[in-house]
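Single chain ahead, by itself, as structure tokens, in the form predicted on its own.
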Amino acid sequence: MLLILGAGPAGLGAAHATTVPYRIFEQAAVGGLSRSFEVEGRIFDYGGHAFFTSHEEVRTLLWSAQRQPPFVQLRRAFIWHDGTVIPYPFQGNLRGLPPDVIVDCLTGLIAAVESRTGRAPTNLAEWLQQSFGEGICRHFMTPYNEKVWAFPLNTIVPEWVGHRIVQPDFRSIVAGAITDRTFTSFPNNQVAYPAEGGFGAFYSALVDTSVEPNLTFDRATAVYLDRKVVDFSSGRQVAYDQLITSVDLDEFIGMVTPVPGPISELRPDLQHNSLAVVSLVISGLETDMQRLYVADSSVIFHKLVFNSNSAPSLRRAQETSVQCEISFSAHKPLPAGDLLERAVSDLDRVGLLPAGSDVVAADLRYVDKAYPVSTAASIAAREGICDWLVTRDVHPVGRFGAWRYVNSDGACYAGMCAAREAVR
């Protein structure tokens, strides 16, 4: 039997892909980090979500599970820079900035291109400088990435940048600075959202008539690799032939017996950041933006998500749902004081609280593990632990199950692949 731990995107993807008998256990709620919640009847997600994918198999699975076709639209994302708002991405749409900033960005880009040696960058700070030059980095790329990662950039290995940071070529950056056109050549220029409910509806819909009989809500407490048995908090024991887990990798290894000393000693090297999520419902604010990114370190949030613009079902007249994302870690602690008050104050600072507007609902939540951080030590720990588990018929998947910086579609696809690999 195939045992699946976790009913997030990875676990549900595995359940739909497997061809053998299986059971799936979830300790809390279906959807994992992709689940949604309500504030005074308005729907929010745990951090801003919008669906796009290069995995057509995942798209087909999710679309087929929805009662109505998902709502698809062009992504309206913007950058706030010292009072100026320009289209996303910063590096592709410089023309709306002050002339001296544009000059800084273009001369820095030219210098970076001229000085390239072919030596691969060893960390994110080097990668940004080599890719975009001093000006673009100083005005946006460096401070923004410092805010979102909450880790020193010279400790982050840029293994993920090809999928995450838009990289216009030299000509496109120059054209975006001097011509009247918007750069839109990036993978998530078109995004989707469930027609009903929050983003979590994409994955809760996967608990269909085939999955539901196999789904149990219970928390795994111990995994005995030699006997291939898992204990649960209810007192039940479940035997397995192959195990797929999207349980937090650090937590999972803590449940496993036996674990060689060298594997157990890798756990502290698994690095991550955390997220404070401020969700606000504001009357008197009208905007068609979906995202606003802010690099300025004196503004508390790095990203604003206008969730009421994610789908028509979420919109209400003369009212906007806004979510502020604030990353933190031991390297960059949360600021002192009331986060709700500070978020509202900084919304006003970036021009999003017009006269007569009012905050009619507010909510503050924390996501302890938001993004895995790819330091050299963290990558080595991830690879060491995961490679060892696979030799014991355990297949880690998902953002924190495999400690990889993937979106929900990537997690779902990884679950599908693991399910097929497990029964070979």
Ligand SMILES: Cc1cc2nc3c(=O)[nH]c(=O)nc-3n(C[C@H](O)[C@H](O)[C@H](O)COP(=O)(O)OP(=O)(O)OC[C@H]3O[C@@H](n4cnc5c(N)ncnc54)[C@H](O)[C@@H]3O)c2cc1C
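We number the residues from 1 along the sequence you see. On a predicted model such as this, the values are computed, not experimentally measured, just so you know.
There is another form of this protein, the form predicted together with the named molecule, and it is not shown here; the text below is about that form.
So in the predicted complex, does any heavy atom of residue 10 sit within 4.5 Å of the named molecule?
Heavy-atom contact with the named molecule at 4.5 Å: present for residue 10.
In the predicted complex, residue 381 touching the named molecule (heavy atom, 4.5 Å):
Contact with the named molecule, no.
Determine whether any heavy atom of residue 385 comes within 4.5 Å of a heavy atom of the named molecule in the predicted complex, and answer yes or no.
Taking the distances in the predicted complex, the answer for residue 385 is no, it never comes within 4.5 Å of the named molecule.
Although the named molecule is absent from this view, report whether residue 301 comes within 4.5 Å of it in the predicted complex, heavy atoms only.
Close contact is absent here: in the predicted complex, residue 301 is far from the named molecule, nothing within 4.5 Å, heavy atoms only.
Identify which of 65, 50, 389, 58 has a heavy atom within 4.5 Å of the named molecule in the predicted complex; exactly one of them does.
Here the answer is residue option 50.
Please tell me which of 247, 206, 294, 278 lies within 4.5 Å of the named molecule in the predicted complex, judged by heavy atoms.
Selected residue: 247.
Contact stretch among 215 to 223, 334 to 342, 83 to 91, 102 to 110 - heavy atom within 4.5 Å of the named molecule in the predicted complex
Selected stretch: 215 to 223.
Though the partner is not shown here, which residues of 349 to 375 have a heavy atom within 4.5 Å of the named molecule in the predicted complex?
Read in sequence order, the residues that approach the named molecule (within 4.5 Å, in the predicted complex) are 370, 371.
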